[in-house]
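Single chain ahead, by itself, as structure tokens, in the form predicted alone.
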Amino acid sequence: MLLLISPDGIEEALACAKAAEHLDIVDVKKPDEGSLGANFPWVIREIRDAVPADKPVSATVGDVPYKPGTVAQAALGAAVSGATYIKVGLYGCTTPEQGVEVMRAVVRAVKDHRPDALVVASGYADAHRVGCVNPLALPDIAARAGADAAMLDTAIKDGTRLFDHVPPDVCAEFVRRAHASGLLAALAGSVKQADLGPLTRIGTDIVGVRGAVCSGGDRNAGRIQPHLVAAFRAEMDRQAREHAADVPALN
């Protein structure tokens, strides 16, 4: 399982650089513009320059509307600015068909510019609260559009968490559907260390966090702390070891 950390600017990116050995992907977002709020192109470039070259940079393009052309241009901007992973929050898509239309436009725009970039179709565990597509529709949307990964986050950051809206057994079905379509499965949404056991057991490929590695556990007022990143990774590794030991026993 890969660890994705989301700094909101260059200062926090430098904190991520200090903890680079403990993380796998640096994810650029702007939390005050939403769950998957898009940051500025120059911030993506600055963060790309600030973190080690072997650490891929991910960038969100926002909690987007159902406007395929607008979103495709935003996604291309993120790719041009140095992002390897391009994440699209399908906030304004109310049907799978709308999601596929947006994601196909994104895939074409990004892959025409950079074929090795990875496009991520992101949905929301609390979709019922904002009226967007069902979480379990995301793997099929991503696959039909030619994307590389399907992701769930939470749209409303009010203290509720991923498992409050999509329990572990449903997350396991999300991961299964993603893998059956040849996609990576990414999960986020106020994930804490206590969630790492179930996330590991269901085969999650990427776990995304912010608040859990910020001072005071606050994704908005807190700042990313290298020692908290290290502690989170240590728990990830412990869960991975325990799961690896359990699998032969089950077989």
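So that there is no doubt, residue numbering starts at 1 and follows the sequence shown. Because the structure is predicted, anything quoted here is derived from the model rather than measured.
Beyond the structure shown, there is the form predicted together with a small molecule, which is absent from this document and is the topic of what follows.
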Thinking of 151, 191 and 219 as one candidate spot, does the small molecule come within 4.5 Å of a heavy atom in every one of them in the model of the complex? yes
Stretch from 209-217, 195-203, 46-54, 64-72 whose residues place a heavy atom within 4.5 Å of the small molecule in the model of the complex: 209-217
In the model of the complex, the residue from 179, 114, 104, 157 with a non-hydrogen atom within 4.5 Å of the small molecule is 157
With heavy atoms only and a cut-off of 4.5 Å, decide whether residue 3 touches the small molecule in the model of the complex. no
